[in-house]
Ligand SMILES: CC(C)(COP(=O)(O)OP(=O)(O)OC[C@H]1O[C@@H](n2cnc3c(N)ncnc32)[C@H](O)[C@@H]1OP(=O)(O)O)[C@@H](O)C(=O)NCCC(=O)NCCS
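The form predicted alone is given below as one chain in structure tokens.
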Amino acid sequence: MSGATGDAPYVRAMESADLPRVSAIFKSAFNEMYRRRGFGPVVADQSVGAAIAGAYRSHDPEHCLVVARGDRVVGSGFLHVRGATAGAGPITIDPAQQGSGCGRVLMEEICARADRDGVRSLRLIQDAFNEVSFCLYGRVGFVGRETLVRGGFPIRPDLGVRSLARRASRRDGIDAIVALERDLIGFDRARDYDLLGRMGEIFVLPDGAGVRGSLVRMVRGGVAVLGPIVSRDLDGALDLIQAAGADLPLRTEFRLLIPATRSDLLSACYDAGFEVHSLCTYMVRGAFEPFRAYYLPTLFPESG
């Protein structure tokens, strides 16, 4: 952790007293980034940033960080270590401080912590239209590995697959989900499923004694955010998506991130009315092997 020297930016652990400032920056940073590119605000309420920071302070307390100048917090970032793999984000810097070196100092500290913890593969998801953050992450060693298509579509009665998936109980199938992720995408994030189970619902597609796929759904108002989704095949991914909408009103909107390389899944979602909002870049610092599965990541928790 860096120490303060005059007005030079430095990084320290996030404290509870920082949450109001962290949440204000979260709102202003994301909304300003989208405003510059002709989009409307994406964070309507300052409580969103506070809720995310609060959840991560209870989930990953040792790696919740702020970057400050003097006594004033000017940004924040989070690291989520899961063995040899880790995720980073969200990373936000006060718009008035962007370009001042604060983001670079924060990212260097996040990378240094990941290295000290033995992380071999550090991942994050970046808005592709944000060329500034792309350059920042590239300068500290991240490489673009995948393009993700972010968008949504209204729930319809079916996606052409008879649903065999079912909602899981709090502990039902979690060990099998963790084993599936470890096998197909190299993640080991058992602890995240406790958080996901509290904040949303988990669906599983049985396969003998194990599972063929899994999906997490978080419903807020008329929006159902999906992810992570992991499936061994296309039919399994569609089956899970169909099951996730079976008990929701037809006007509910699914929102998800789909890898651009999964053209068959994209095509099925286009047929269901999928509209693209924007593109994201899946960036990796260190080792990376292409996923051997239908994997749709989540932005919360950002653990890979």
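Position 1 is the first residue in the sequence shown; the rest follow in order. Predicted, not measured: the structure shown is a model, and the values here were computed from it.
From this point on, the text means the form predicted in complex with the named molecule, which you will not see here.
Participant: Determine whether any heavy atom of A165 comes within 4.5 Å of a heavy atom of the named molecule in the predicted complex, and answer yes or no.
Facilitator: Outside the cut-off, so no.
Participant: Quick one: is G77 in contact with the named molecule in the predicted complex, heavy atoms, 4.5 Å cut-off?
Facilitator: Because no heavy atom of G77 falls inside 4.5 Å of the named molecule in the predicted complex, the answer is no.
Participant: Contact with the named molecule in the predicted complex for R104, defined as at least one heavy atom pair within 4.5 Å: yes or no?
Facilitator: So R104 counts as contacting the named molecule.
Participant: With heavy atoms only and a cut-off of 4.5 Å, decide whether V132 touches the named molecule in the predicted complex.
Facilitator: Yes, contact at 4.5 Å.
Participant: At 4.5 Å by heavy atoms, is each residue in A237, I258 and T298 next to the named molecule in the predicted complex?
Facilitator: Judged in the predicted complex, none of A237, I258 and T298 sits within 4.5 Å of the named molecule.
Participant: Could you work out which of R198, R139, R116, R72 is the residue within 4.5 angstroms of the named molecule in the predicted complex, going by heavy atoms?
Facilitator: Contact check passes for R139.
Participant: Given that the named molecule is left out here, which of A224, C111, I93, V149 has a heavy atom within 4.5 Å of it in the predicted complex?
Facilitator: Only one option qualifies, and that one is I93.
Participant: Counting only heavy atoms and a 4.5 Å cutoff, which of 43 to 51, 29 to 37, 265 to 273, 238 to 246 contacts the named molecule in the predicted complex?
Facilitator: Result for this chain: 29 to 37.
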